[in-house]
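For reference, the chain that follows is the form predicted on its own, supplied as structure tokens.
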Amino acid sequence: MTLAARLARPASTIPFWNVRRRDHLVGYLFIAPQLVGSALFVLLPLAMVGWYSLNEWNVLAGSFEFAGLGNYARLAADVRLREALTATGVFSVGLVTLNLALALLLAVLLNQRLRGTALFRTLFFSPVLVSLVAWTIVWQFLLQPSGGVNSVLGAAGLDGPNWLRGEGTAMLSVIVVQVLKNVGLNMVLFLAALQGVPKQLYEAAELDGAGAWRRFLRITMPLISPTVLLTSIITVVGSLQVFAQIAVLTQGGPGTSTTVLVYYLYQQAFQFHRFGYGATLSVLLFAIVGALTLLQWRMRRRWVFHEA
């Protein structure tokens, strides 16, 4: 049948399973496994957490009672929650600042045409591939009073502190361990962005008398700003979800100086068996992550190149 004859045919005689509907069905079948997985393992757990946050559930006592907004009202009066939020803020600011700054510095250095850069790229990226728990356990031994770090300081004539039990060094130790673990990932992302900057722009700026620092600020940073946005979002979200490092290195101590929000959530839900309040803390964490991500995304128009 010709195309003209098909178009002239009444709508009632057009078959239901035409080419368009078959194409749509094939597309839906392809994405069905992902949709089902997201519904079962993302949307459903989120809905259950929201429901549990409205209840007081004590596994040991075998009680499950509807509490309404009681758990949310408890957030405002929880002094330990304020301490956990403060520790989370300190950890996130320290981690994001050191990680992004060090990753950008390493990427700039390793972007030079020098001998041995491939080896150093591998060395700096290799910790990303190591198991997080194994990495943290190794650093736990290194940071002991008689561990490898203090042994090196002792050989230089310096007395090292008790890194993981000192009020002023515990948080710093956790931040440094986490930075060394994941800085290679951001370094690779920055390195890929740097290699995409046209060399002609640097040559033209150099001919105009621009120095290295001015070329970096006026050419490099604007052109890699989309990657800076990506790495900042990834790093901020990761810093708010830290748990294994705290659990292995400091267990939230000394005192509550390293009890970040996720570890405090774990304590409430799985140590004190207050699952309702633990679910409420999960909702709070979700809200904080979502708000910070949205804020970064909205602010991109002010400093990300091509987004104005």
Partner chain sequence: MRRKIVLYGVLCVLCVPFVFPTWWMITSSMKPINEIFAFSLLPDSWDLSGYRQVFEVQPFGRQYLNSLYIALLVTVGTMAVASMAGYAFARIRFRGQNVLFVVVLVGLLIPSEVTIVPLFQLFNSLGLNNTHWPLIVVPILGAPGVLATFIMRQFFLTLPDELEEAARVDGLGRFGSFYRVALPLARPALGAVAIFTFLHSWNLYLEPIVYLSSPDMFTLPQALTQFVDNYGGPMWNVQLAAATMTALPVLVVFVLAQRQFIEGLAHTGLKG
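C-alpha atoms forming the largest set that superposes within 1.5 Å between two forms make up the rigid core. Source: prediction; values computed, not measured. Numbering follows the first chain given and starts at 1.
Not on display, but discussed next: the form predicted in complex with its partner chain.
Name the single residue among L172, L201, L223, L142 that comes within 4.5 Å of its partner chain in the predicted bound form, judging by heavy atoms.
It is L142 that has a heavy atom within 4.5 Å of the partner.
Give a yes or no for F272: in the predicted bound form, does one of its heavy atoms lie within 4.5 Å of a heavy atom belonging to its partner chain?
Result no; F272 lies far from its partner chain in the predicted bound form.
Do L69 and its partner chain share at least one heavy atom pair within 4.5 Å in the predicted bound form?
L69: no contact with its partner chain in the predicted bound form.
In the predicted bound form, is there a heavy atom of its partner chain that lies within 4.5 Å of any heavy atom of L60, even though the partner is absent here?
Because no heavy atom of L60 falls inside 4.5 Å of its partner chain in the predicted bound form, the answer is no.
Indicate whether its partner chain has at least one heavy atom within 4.5 Å of a heavy atom of L229 in the predicted bound form.
No, no contact at 4.5 Å.
Using a 4.5 Å heavy atom cut-off, indicate which stretch of 90-98, 202-210, 76-84, 189-197 touches its partner chain in the predicted bound form.
That would be 189-197.
Going through 239-273 from first to last, which residues have a non-hydrogen atom within 4.5 Å of its partner chain in the predicted bound form?
Contacting residues: Q241, F243, A244, A247, V248, V262, L265, Y266, A269, F270.
Under a superposition restricted to the rigid core, does G255 display a Cα displacement of 2 angstroms or more between this form and the one not shown?
No, its C-alpha moves less than 2 Å.
So with the core overlaid, does the Cα of L25 end up 2 Å or more away between this form and the one not shown?
L25 C-alpha, core-superposed: shift of 2 Å or more.
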